[in-house]
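One chain follows as structure tokens, the form predicted on its own.
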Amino acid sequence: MDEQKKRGLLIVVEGIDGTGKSSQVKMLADALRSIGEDALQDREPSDGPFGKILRASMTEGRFSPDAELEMFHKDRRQHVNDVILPALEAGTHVVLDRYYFSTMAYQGANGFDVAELRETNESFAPAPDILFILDLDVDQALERIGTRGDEANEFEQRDALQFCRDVFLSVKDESYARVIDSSPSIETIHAEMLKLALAEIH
């Protein structure tokens, strides 16, 4: 039991575009460090070699759907083996911006079978200790995407966003899942997430 207490927690933040995931990941990791917890702020696609290829492809030209999915899986395998698991074993909490639930949602919107995507990823990627699903109505999400000056990409169109939102919410009954209303202020959302995270840590 003592060994389990020493292990870090895998805290994943998911949600459709416009829900403020990246801001909340940074705030949560910073808050945990400020109270003496070891916390690693991270993201997927990762900053590893496969993740860098994926990020470059988003601006320089996308892969075919099959090739892109294969690259996501290669990136995640390396990320899990080289970064996530070693950090957790060392007692560091990993606060992750996107994980395999995003693959289920976005590659699912691209035509792949969601259940099969989940099964494939869970065969090698550990389930999170906490999954924060930042939930927002699609209309509000589109409004936020518009106000930040971005041009909506193919995954930020209404139907695709709704599909992705439904996929994220499809795992809301898992024991590790916590659905967070992301319509209040950033500070309100952060306070709720920090409270829930600390309840699991302690």
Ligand SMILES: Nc1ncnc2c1ncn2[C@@H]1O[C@H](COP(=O)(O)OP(=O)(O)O)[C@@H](O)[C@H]1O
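Predicted model only: the values in this text are computed from it and were never measured. Numbers for residues come from their place in the sequence shown, where the first is 1.
What comes next is about the form predicted in complex with the named molecule, which is not displayed.
Just one of K52, K172, R158, R144 has a heavy atom within 4.5 Å of the named molecule in the predicted bound form. Which one?
-> Looking at K52, K172, R158, R144 one by one, just R144 meets the 4.5 Å heavy-atom criterion.
Is there a non-hydrogen atom of I180 within 4.5 angstroms of a non-hydrogen atom of the named molecule in the predicted bound form?
-> Output for I180 is no: heavy atoms all beyond 4.5 Å of the named molecule.
Does the named molecule get within 4.5 angstroms of any non-hydrogen atom of L9 in the predicted bound form?
-> No, no contact at 4.5 Å.
Examine I186 and determine whether its closest non-hydrogen atom to the named molecule in the predicted bound form is within 4.5 angstroms.
-> Because a heavy atom of I186 falls inside 4.5 Å of the named molecule in the predicted bound form, the answer is yes.
Which residues in 9-29 have a heavy atom within 4.5 Å of the named molecule in the predicted bound form?
-> Residues within 4.5 Å: I16, D17, G18, T19, G20, K21, S22, S23.
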